[in-house]
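First, one chain by itself in C-alpha cells, the form predicted alone.
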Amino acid sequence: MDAIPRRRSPVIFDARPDRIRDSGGWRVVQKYADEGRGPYLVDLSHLPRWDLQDSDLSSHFPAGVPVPETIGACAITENVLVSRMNRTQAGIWHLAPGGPGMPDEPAFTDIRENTACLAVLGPQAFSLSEKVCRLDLSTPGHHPPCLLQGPFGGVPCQVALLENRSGREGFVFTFSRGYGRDMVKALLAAGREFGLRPAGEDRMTRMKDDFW
C-alpha cells in the first residue's frame, strides 16, 4: 500500500500546539496551548477548496446548494461556503472538516495545494484588518455572507465576510500560498494591540454559531 504523502501548510504559527490530528497527510493543529480571548487567527489551509468554472453555473449544486446568482453573494452550509466570483466562476471553500468530496466533473478544480486560507474571528477583527487592508469590511452595505475581492496586505485576495456585527466580526480569506509566512507576520503585527493570537481548527468549529 502506498504511503499517504505528507502535506505542509504554507502557514506557520510560532505557538505551542496542544492538540493535533492527522488528516490525509496534513498535520492539523486543533488547539494551541494559549489562544487568548480573541480575536483569533486560524489556519484553514488544509481544508478543501475548489474552483468551479462553467458558462452555466446554475447547473451545478456544490455541497448540495445552488451557486448564488449575484456576483459577490455567498451561500453557506454546515461546513462549506459557496461564493459567486464572476459570471462563469465560483469558489467552494470548506470551513470545517466533514464536508462532501469534490464532484467528479471537469468544471471543478482542486486549488488547495496552490492557495492558503486564513480566518480572523472575534472582537476587533475589523479594527486590525483596517491596518493592513484597503477593503472596508465593516461597512453596513455588506450583507454577510458575501465575497469581496481585492488586495489584503498588498496581496490579491478573495475575502469572505462571515459576520459584521460588533463583537462578532469574522472573515475568511484565500491567497497564493507563497505569501503565507509574510501574511501571518503582517497580521500578527497589526493585531498585537488587539490581542490577536493563533488558534486551532476547533476554534473555527466552536464559533460557527456566531456566523451562520
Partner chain sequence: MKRLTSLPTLRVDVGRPVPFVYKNQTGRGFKGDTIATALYAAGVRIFSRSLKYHRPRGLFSLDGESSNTMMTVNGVPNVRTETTLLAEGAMIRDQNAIFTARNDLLGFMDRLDRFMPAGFYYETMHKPASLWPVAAKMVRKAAGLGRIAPDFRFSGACDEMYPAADLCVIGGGPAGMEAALAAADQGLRVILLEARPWLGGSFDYRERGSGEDAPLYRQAADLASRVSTRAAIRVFTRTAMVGGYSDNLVTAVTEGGPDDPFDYRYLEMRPRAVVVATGSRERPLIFENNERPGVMLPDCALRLARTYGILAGREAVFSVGHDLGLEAALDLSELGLPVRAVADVRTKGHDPALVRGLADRRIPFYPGWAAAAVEGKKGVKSVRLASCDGGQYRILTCDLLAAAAGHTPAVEPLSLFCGPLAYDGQTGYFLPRTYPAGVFAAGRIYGLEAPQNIRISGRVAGLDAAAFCGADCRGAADAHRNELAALPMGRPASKWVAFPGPWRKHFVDFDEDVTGKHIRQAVGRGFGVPELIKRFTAAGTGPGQGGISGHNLPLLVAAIKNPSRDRTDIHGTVPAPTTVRPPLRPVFLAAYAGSGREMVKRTPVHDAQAWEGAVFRRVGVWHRARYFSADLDVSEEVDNVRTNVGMLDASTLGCFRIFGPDALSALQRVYAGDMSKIKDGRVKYAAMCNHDGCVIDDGVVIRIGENDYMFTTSTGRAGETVEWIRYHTRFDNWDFHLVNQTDGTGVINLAGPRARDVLERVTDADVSNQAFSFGCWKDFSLSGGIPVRCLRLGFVGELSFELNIPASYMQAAWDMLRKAGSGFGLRPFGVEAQNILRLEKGHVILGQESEQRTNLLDLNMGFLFSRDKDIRPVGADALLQAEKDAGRLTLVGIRMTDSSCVPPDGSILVDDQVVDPVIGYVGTIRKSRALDAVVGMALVERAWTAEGTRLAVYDGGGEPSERHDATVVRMPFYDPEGIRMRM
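Since we're looking at a predicted model, the values are computed, not measured. Residue numbers count along the first chain shown, from 1.
Beyond the structure shown, there is the form predicted in complex with the partner chain, which is absent from this document and is the topic of what follows.
- Contact annotation for Met183: at least one heavy atom lies within 4.5 Å of the partner chain in the predicted complex.
- Using a 4.5 angstroms threshold between heavy atoms, Pro106 counts as touching the partner chain in the predicted complex.
- Contact check for Ser176: a heavy atom falls within 4.5 Å of the partner chain in the predicted complex.
- Though the partner is left out of this view, Ile111 does reach within 4.5 Å of the partner chain in the predicted complex, counting heavy atoms only.
- The contact residue chosen from Gly153, Pro48, Gly38, Pro144 relative to the partner chain in the predicted complex is Gly153, the criterion being a non-hydrogen atom within 4.5 angstroms.
- Residues from 85-103 that approach the partner chain in the predicted complex with a non-hydrogen atom within 4.5 Å are limited to Thr88.
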